[in-house]
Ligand SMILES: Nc1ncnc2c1ncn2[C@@H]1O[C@H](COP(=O)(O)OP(=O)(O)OP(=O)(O)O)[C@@H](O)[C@H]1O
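Only one chain comes next, encoded as structure tokens, the form predicted on its own.
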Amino acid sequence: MSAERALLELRGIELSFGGVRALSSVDLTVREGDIHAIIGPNGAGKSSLLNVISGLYRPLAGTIAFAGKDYTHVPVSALAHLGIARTFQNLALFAGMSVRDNIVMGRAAFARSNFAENVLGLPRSRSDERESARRAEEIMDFLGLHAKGDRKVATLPYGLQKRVELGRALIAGPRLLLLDEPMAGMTAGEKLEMCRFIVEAKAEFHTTVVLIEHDIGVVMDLSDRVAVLDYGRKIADGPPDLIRADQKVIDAYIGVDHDERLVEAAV
């Protein structure tokens, strides 16, 4: 059962690019423990909203609160310490590095040692390395990547690379995990595996998830709640069953208006 306490709250979010409105008065409440999907047609503002949440974009207006505290103007570099991690729509891995080293990079923000300590191999640096290595082993075991740990990530199939990116986000131990199309380009089998990892990560690591995904079947099966954007506005937000039956969502997302559907049904 999902907790009723809000972990993330957005109020009145406005965002524009060169006079073009990307987001208009968007409110969003994500309850702790939920998988909350964001869907909508191409250009609806989904990635823009995720970029606002992750601090890559600064809203023109509105507020963002995480665990009851305002972080509207917190720099991106501080988000990991708040407990927020994300993956990207396009893979952002280091192709020439191993799977293990790519995952370890997700802990970079938590290093206590400085450059000099790292160069000299001083105790605090060695302690950081041991902790990162230990966490990486745990994450690779969780994602079924342990046998691939020493492989260069560029040599892996695409589906496994997406799994590595998920691992790099999970190693930070986030309370809030932002996933930007984690199943894009995957086969049906790979999607099923990724869905399983997301559900198990929620349970094992007590992680709340905000998810952008185009596969409506996946969204409806995976999510506790679904928010729908259209032309930068939120037009619906609720449990999957309600969203599936919402005529505004059908018109916006499927692209067939209500009258046309009635005509088709009559024929």
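All values reported here derive from a predicted model rather than from experimental measurement. Sequential numbering from 1, following the sequence displayed.
Here the subject shifts to the form predicted in complex with the named molecule, a form of this protein not shown in this document.
Student: For the three residues V20, K46 and H214, which mark the spot I'm curious about, does each lie within 4.5 Å of the named molecule in the predicted bound form through at least one heavy atom?
Tutor: All three within 4.5 Å in the predicted bound form.
Student: Please pick out the stretch from 220-228, 28-36, 47-55, 200-208 that is in contact with the named molecule in the predicted bound form, where contact means heavy atoms within 4.5 Å.
Tutor: Every other range fails; the passing one is 47-55.
Student: Find the only residue in T72, S98, T155, Q89 having a heavy atom within 4.5 Å of the named molecule in the predicted bound form.
Tutor: Selected residue: Q89.
Student: How about P41 - does it come within 4.5 Å of the named molecule in the predicted bound form, if we only consider non-hydrogen atoms?
Tutor: P41: yes, in contact with the named molecule in the predicted bound form.
Student: Although the named molecule is absent from this view, report whether E181 comes within 4.5 Å of it in the predicted bound form, heavy atoms only.
Tutor: Flag for E181 set to yes.
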